[in-house]
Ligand code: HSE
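We begin with a single chain expressed as structure tokens, specifically the form predicted alone.
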């Protein structure tokens, strides 16, 4: 399977590392994916129909420019995404560029071009799925291609696979969960005695929060993931304006202490059903499975008709963690093609 990657930050590099490390095992399973093209906004682009050398690709990325990638026979530099798709050698596009929850561009145009060009589409970028899922789904079905996006919600933790495959016999009535690791880490540290400002500074130092943390602490990252879940679980094409969204910026150490004294914990919770949803900080009793999720972990509780509440907990961020979800989606595509 020949792969095109748009974006080669922590997620793209984590995915490439996994492919290199697992190559022998994957080949034993009859699966031999190759990265044949990579496009980035800052490092340039590389395209080679016979495949790119992953260690050299990672070294060039670490050096800050694909100009450092050694010349090879058949190598082309700075080919556009449209050019790579049109060349016809690729089987799947992995969209790994930064998320835009306002327009989903420029990723959305690349995704549609890939599907219309007959490629499978795998996303870690939340924007296209959150804002244009029905359009992407129609385009995939029209060409008989697969659209997969496990990595958009809880990194490598297989929440969508759980809901759509393992729980396929159940009706999922509602879902609620911790979908942002930055805020969960901060709330955990605040319960241990830190102020909001100290917890945020530590989250930024550890790489959990960006220099501008608004997307996390104001609830928008969790809201984008909630939109994806609403569509994947309930077929509900919600928009950000349909959700009541607030974050943790108003939570103080006194709020944390008061909740603790009452046997509760404050968590940023996304709740959704076919009727709609919200994202807000809530007090949970200690007995609630979500209350025990600490640090940067994510969790989701699915309320089902047959099994009751089913909770999954795991990593919600990280390059290699998210790269694991990308690999699992590709393996699922390969299995479907071999049936």
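The term rigid core refers to the maximal set of C-alpha atoms that superpose within 1.5 Å between the two forms. Numbering follows the first chain given and starts at 1. The shown structure was predicted, so the numbers you read here are calculated from the model rather than taken from an experiment.
Separately, the form predicted together with L-homoserine (HSE) exists; it is not shown, and the next lines address it.
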Study note, to complete from the structure: Only one of 260 to 268, 131 to 139, 172 to 180, 236 to 244 sits within 4.5 Å of L-homoserine (HSE) in the predicted complex by heavy atom distance, namely 172 to 180
Check your understanding: Taking L-homoserine (HSE) in the predicted complex as the reference, which of 248, 209, 229, 121 has a non-hydrogen atom within 4.5 Å?
Key -> 209
Practice item. Report yes if any heavy atom of residue 317 sits within 4.5 Å of a heavy atom of L-homoserine (HSE) in the predicted complex; otherwise report no. Key: yes
Check your understanding: in the predicted complex, does residue 148 have a heavy atom within 4.5 Å of L-homoserine (HSE)?
Key -> no
Review point. Hey, does residue 212 budge by 2 Å or more at the Cα between this form and the one not shown once the core is superposed?
Key: yes
Check your understanding: Is residue 119 among the residues whose Cα moves by 2 Å or more between this form and the one not shown after superposition of the rigid core?
Key -> no
Review point. With the core lined up, does the C-alpha of residue 186 move 2 Å or more between this form and the one not shown?
Key: yes
